[in-house]
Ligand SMILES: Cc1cc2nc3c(=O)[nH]c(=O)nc-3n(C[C@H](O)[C@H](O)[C@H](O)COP(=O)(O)OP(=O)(O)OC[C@H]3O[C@@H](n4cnc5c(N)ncnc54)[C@H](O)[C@@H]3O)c2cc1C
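Here's a solo chain for you in structure tokens, the form predicted on its own.
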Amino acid sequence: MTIWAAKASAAKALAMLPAPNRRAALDRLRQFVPCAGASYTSNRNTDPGPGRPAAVSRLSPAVRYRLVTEQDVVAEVLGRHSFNAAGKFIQEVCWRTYWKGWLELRPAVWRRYLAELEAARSATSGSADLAAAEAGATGIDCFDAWARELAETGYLHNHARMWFASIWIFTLRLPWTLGADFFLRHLIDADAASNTLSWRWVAGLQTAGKTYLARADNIARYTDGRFAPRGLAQEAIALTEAPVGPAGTLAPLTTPDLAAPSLLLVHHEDLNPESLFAANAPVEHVLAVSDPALLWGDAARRYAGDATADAAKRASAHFGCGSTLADALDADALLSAARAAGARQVLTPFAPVGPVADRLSALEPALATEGIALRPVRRRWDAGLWPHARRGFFAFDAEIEGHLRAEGLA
């Protein structure tokens, strides 16, 4: 492929992702809904390549930042299909919920990943093999194409992500933590839970001893014959680690004071505040923050920055108040906005395990010294489903339909 053809293909691939605003995300969702049943079930594993139509929705960036929520997506789908007909697609949406819940109940796994990542970086400093993998110069046709596609578009088909991770770990024998980091630095839709735990699953850590092996015939079949990889590992011996420990419980949250003047803090973990807080909530001002330090890659930062600006406009209209955009989630910005609004509490969507949650935890004492309470609010979707992520996905999956029925969706 010439460089011009490659650029044209990347441009088409980017155009297939929803633009970073809620209206575009809803439009994409409604266009996809008719295909969420049998078509998705039959064709979801096929990756036709960048810029080509596929059976998947490509809604993952919008769902990751909650321009549309998981509940939005499932409600639209169940308005057209039965639960059984769209079960595979609903299951795929709920994988992200499951991963977040699983990590929320075991936050030490995130801290373990960060520590192992730093150790792996030190151990592989100057590695030619690592540089070749990241540059897409290994000589493995499919892997190299996916590495370049990821760098150019910020997106990979889900099946390609699994193949890529398997080749990284078992064929190239590179540390899985560095592969997870490579995804974090390039994927628009990466979050701490889904990315980390998916890589752990491929490696045989998440479900101890169960690995995913990329096979040449499977890759050829589900890429419409685009690739014929040679030299792939013929076995995938599971990695091992110290025991993770039992699942904990969700941290209880303090109920917001519905009479207290409030600052609404909007962050990139949930950019749909108008569906979380009623229009008559005591919000005096909206502070919408897109902090580059809390995201890993330029593509994600650009997408989240534009999406945050869109969320600020929607929130301002919803609450009938002013809004401010900021590029740093720090004590000075938060306290300044809270003082200007006369706020006694900061309302904010709950942030799952990851950089935003860590930053909010660090900021809470600074707010408290001025008598301002930080009040995270957890969505009913998360509160209802996360506690079921105590074991494997299939136990979690058994709870999904009941939860949807209880919420009036199924």
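Counting begins at 1, following the sequence as shown. It should be emphasised that the depicted structure is a prediction, and the values quoted were computed from it without experimental measurement.
A second form of this protein, the form predicted together with the ligand, is not displayed here; the remarks below concern that form.
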query: Residue stretch of 121-129, 215-223, 182-190, 251-259 approaching the ligand in the predicted complex, non-hydrogen atom distance within 4.5 Å; finding: 182-190
query: is_contact(H157, the ligand) in the predicted complex, heavy atom dist at most 4.5 Å; finding: yes
query: R148: touches the ligand in the predicted complex, heavy atom cutoff 4.5 angstroms; finding: no
query: Q345, heavy atom within 4.5 angstroms of the ligand in the predicted complex; finding: no
query: Touches the ligand in the predicted complex: F350 (any heavy atom, 4.5 Å); finding: no
query: Residue (of Q71, S198, T177, N272) lying close to the ligand in the predicted complex, criterion heavy atoms within 4.5 Å; finding: S198
query: Listed residue (I372, V63, C35, V356) with a non-hydrogen atom within 4.5 angstroms of the ligand in the predicted complex; finding: V63
query: Joint contact, H285, L287 and R314 to the ligand in the predicted complex, by non-hydrogen atom at 4.5 Å; finding: no
query: Sequence-ordered residues of 55-78 touching the ligand in the predicted complex, heavy atom within 4.5 Å; finding: V56, S57, R58, L59, S60, V63
